[in-house]
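As C-alpha cells, one chain now follows by itself in the form predicted on its own.
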Amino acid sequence: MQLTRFTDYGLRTLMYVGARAENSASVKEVADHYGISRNHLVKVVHRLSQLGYIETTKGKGGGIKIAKDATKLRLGDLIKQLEPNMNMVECFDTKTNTCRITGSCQLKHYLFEATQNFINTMNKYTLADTVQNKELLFA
C-alpha cells in the first residue's frame, strides 16, 4: 500500500499548522518548509478547508490555521478522507474489476482485512501525537 502524494502533503500540512495552532502559516511557507510544490499544495489546502480541518484567511495577515482540536483528529479517518480510494487491488472496485478469479479468490479478503487493520491502527493516533516534538518538526 502506498498513500498518494495528496494525502502525504495533506497530513504534513496538518502537522505543520497543528504544531503552530496559535499562529497562521502561508501555503508558501509550508511548501518551502517541506520542499514541495506550492501549486500542488494549494489544491491540498483547498480540500482540507472543504473538509473543515483548516481555516483559510485571505489578504495581509491571512493564511491557514488548524480549525479543529488536533487531539480529536484521528489519523486513520484523515487518511480515508484524503485518499481517493483505499483499493489495494483491482477487485476492490466492482465497477472496474476485470479480474477473472474474483469469485474464487481468497486473497482479496486478506488484503481487505489488512487495509482495515491499517486504518484501525492509524486511528489509535491523533494529529496531536504527530506534533509532540515541535523542535524536531521545525528543525
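This is a predicted model, so every value here is computed, not measured. The first residue of the shown sequence is 1; numbering continues from there.
Just so it is clear, the following notes concern the form predicted in complex with the DNA, a form of the same protein that is not shown.
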property	result
Partner-facing stretch of 105 to 113, 92 to 100, 32 to 40, 67 to 75, counted where any non-hydrogen atom is within 4.5 angstroms of the DNA in the predicted bound form	32 to 40
Triplet 52, 81 and 132 all within 4.5 Å of the DNA in the predicted bound form via a heavy atom	no
4.5 Å heavy atom contact, residue 88 to the DNA in the predicted bound form	no
Residues of 1 to 25 having any heavy atom within 4.5 Å of the DNA in the predicted bound form, listed in sequence order	4, 5, 6, 9
